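To begin, one chain is listed below as structure tokens, in the form predicted alone.
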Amino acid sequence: MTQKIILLILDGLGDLPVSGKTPLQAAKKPNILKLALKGMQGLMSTIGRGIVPGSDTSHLQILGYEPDKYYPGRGPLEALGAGIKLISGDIAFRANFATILGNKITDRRAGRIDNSIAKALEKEINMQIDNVQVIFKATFEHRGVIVLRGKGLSANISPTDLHCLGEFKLSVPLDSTPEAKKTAYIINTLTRIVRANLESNPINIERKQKNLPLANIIIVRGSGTFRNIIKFNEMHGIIGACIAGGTLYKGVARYIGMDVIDVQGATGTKNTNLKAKGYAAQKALEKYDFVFVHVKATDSFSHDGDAKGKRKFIEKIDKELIPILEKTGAAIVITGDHSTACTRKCHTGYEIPILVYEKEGRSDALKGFDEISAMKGGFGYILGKDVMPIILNILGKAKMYGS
């Protein structure tokens, strides 16, 4: 049987101790420990030692795409993840429905409007301004993506979402080029038209009557320019698929040319269907050499400061997902994209444990799998850029260096 491999990324897996132990240390995880005993471990810095990675740049690096060369900005990745087909030169942004009163943003999330309301408001944002097509798609709750398609545009403009409440500021060009000036003008014109459209929409008229936060403005951030890059199968000589619930991770996969497998119940939330992801990976291995499975909730618990919830979710992963992946007979790599500390509620630059299991592979016979146990592992200290070479070696696809 040809060797296949699963890369399981538990987002924000690494952590700092809470009451003496990290959530990963404290979790009961017999199935992962069974793999650990037969596998090899190490500690990994995704980008570099002490550097705090974003989820976008860390995933690109782990999948073999150096961010310095290939990172397009967050906007294009979110747009691709939302299912928008981008063409070279498109400028994309992350967007929020927000609440504005006068000239002050009073709620960046418009009361966390639900998906159905956001979808109903989409039509107020899709339009043409001069020779630029504006494409908007709502994604989850108040979130969405905006794509500007046309000639003479630039991503080098300031955001209108400043991640804080208070005075709303128009976008300004960040350089003196005509392209940046034009793009800032388009975004500001769009903002003005959309605000008028949204405030007169029956949905917001009703929300105002009920004293609910209005979804009466769109604010943007994360601008980036889409371009076509070398695809995953050309880069690595293997065919890969992605199973994820979160928009960003689907977007990263589409950007590098991996197929995205949509799984019912894979939501990117704490209620995601782990078993469904496992069975989808099992099925995907019939066609693909490499299956990337992403789980978001470990990171979400960290951002909420919920160490107990993170521990319990790791235990759920061990119980519901790991046995299915093990039965595939594939090699399995388990790691995170970065550390997210429950005590800080944010990403940190601490190293992440990584476990590599293959049936006929080497073992360092470690009995634990966590941030401390991994210090003793056979891989020692590695970087994110080392992951794909390790995977290609396991698959027998690594190219000889020299002759």
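When you see a residue number, it is the position in the sequence shown, counting from 1. Values in this document were obtained by computation on a predicted structure and should not be read as measured data.
Below: the form predicted together with a further copy of the same chain, not depicted.
field: Tyr71 within 4.5 Å of a further copy of the same chain in the predicted bound form, heavy atoms
entry: Result yes; Tyr71 sits at the interface with a further copy of the same chain in the predicted bound form.
task: Using the partner position in the predicted bound form, report whether Leu355 sits within 4.5 Å of a further copy of the same chain, counting heavy atoms only.
output: Judged by the heavy-atom cut-off of 4.5 Å, Leu355 is well away from a further copy of the same chain in the predicted bound form.
- prompt: Looking at the partner-bound form in the predicted bound form, is Arg49 within 4.5 Å of a further copy of the same chain by any heavy atom?
  reply: Arg49: contacts a further copy of the same chain in the predicted bound form.
4.5 angstroms heavy atom contact with a further copy of the same chain in the predicted bound form for Gly349: Close contact exists here: in the predicted bound form, Gly349 approaches a further copy of the same chain to within 4.5 Å, heavy atoms only.
- prompt: Would you say all of Ile84, Ile229 and Gly257 touch a further copy of the same chain in the predicted bound form, counting a heavy atom within 4.5 Å as a touch?
  reply: Per the other structure, none of Ile84, Ile229 and Gly257 touch a further copy of the same chain.
field: Within 42 to 69, the residues that have a heavy atom no more than 4.5 Å from a further copy of the same chain in the predicted bound form
entry: If the 4.5 Å heavy-atom criterion is applied to a further copy of the same chain in the predicted bound form, 42 to 69 yields Leu43, Ile47, Arg49, Gly50, Ile51, Val52, Pro53, Gly54, Ser55, Asp56, Thr57, Pro67, Asp68.
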